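Given as structure tokens, the chain that follows is alone and in the form predicted on its own.
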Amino acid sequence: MTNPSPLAVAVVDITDPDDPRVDDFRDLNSVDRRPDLPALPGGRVGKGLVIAEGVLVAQRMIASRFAPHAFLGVDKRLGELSRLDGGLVVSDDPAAVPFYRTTADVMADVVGFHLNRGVLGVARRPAGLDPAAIIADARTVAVLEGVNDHENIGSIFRNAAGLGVDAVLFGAGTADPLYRRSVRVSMGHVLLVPFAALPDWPAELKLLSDNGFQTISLTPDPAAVPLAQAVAAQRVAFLVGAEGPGLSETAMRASDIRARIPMSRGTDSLNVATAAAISFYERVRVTQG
């Protein structure tokens, strides 16, 4: 994280789980009322909020473009966040971001389950980023098509953050990266690694080619080149697809090269997040020695 500045919060004690001031944290497990849903059943508009769970993820939210507008948590977690660089500082300013301090039992009543992590941050979604802008200075990019499992998306972002991927682009059929589970599994890195959608899919892969990227489709096809032979270009974009079907043939035809991870013992493929991590690591290994 590059922003060590703490965020000022005003502590507000909450004793009633029905207090409307904590509505943005309510019913996190509800399939039709969760505050992180942009759209609700029946065509209703949801809040579409971004939820950070736990001290480290809340710290990363503070450092991100997803500016938190409230926190809910127990006093112990407030203390932990107050001791972290880039965490929280308690202020007497009533205009500061509220930290709704409560007990574990009241918090459980609000969110709908007992939250071991003891603190939540909540932010509104900012405007989406421009794909051209986030790849302008990038050397390594991940491109997802049809990845509809939120835990896989979260894992890919965590892998991307740890293994030098500069940006993530979303093609057709990819699930919401700001769903609560994705944010949690990514350990908050989905809030820090820039991402953007490519709505005209796969035609917008031309954006990568026009900017000097070699686009690599990951596939278990034995006719594809071994991964290590495909990752040395100055700028590389890895395309990964959903569990099971993988990348569409249309997307693979639009890429420059098809590459495979050599497998053994009759295994044909790996989990998409694992395959992405291996690809990111191989890129680091080959280009940085």
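All residue numbers refer to positions in the sequence shown, first residue = 1. Note that the structure is predicted; figures quoted are calculated from it, not measured.
Another form, the form predicted together with another copy of the chain, is not on view; read the next lines as being about it.
The shortest heavy atom separation between Pro20 and another copy of the chain in the predicted bound form exceeds 4.5 Å.
Remark: Asp85 does not count among the residues lining another copy of the chain in the predicted bound form, judged by a heavy atom distance of 4.5 Å or less. Contact annotation: Ser264 falls within 4.5 Å of another copy of the chain in the predicted bound form, judged by heavy atom distances. Of the heavy atoms in Val284, some are within 4.5 Å of another copy of the chain in the predicted bound form. For the candidate set Pro126, Gly164, Gly112, Pro199, a heavy atom within 4.5 Å of another copy of the chain in the predicted bound form is found for exactly one residue, namely Gly164. Screening 246 to 254, 226 to 234, 66 to 74, 47 to 55 for residues having heavy atoms within 4.5 Å of another copy of the chain in the predicted bound form returns a single hit, 226 to 234. Not one of Asn29, Asp36 and Ser182 places a heavy atom within 4.5 Å of another copy of the chain in the predicted bound form.
Residues of 264 to 279 lying near another copy of the chain in the predicted bound form, listed in sequence order, are Ser264, Gly266, Thr267, Asp268, Ser269, Leu270, Asn271, Thr274, Ala277, Ile278, the criterion being any heavy atom within 4.5 Å.
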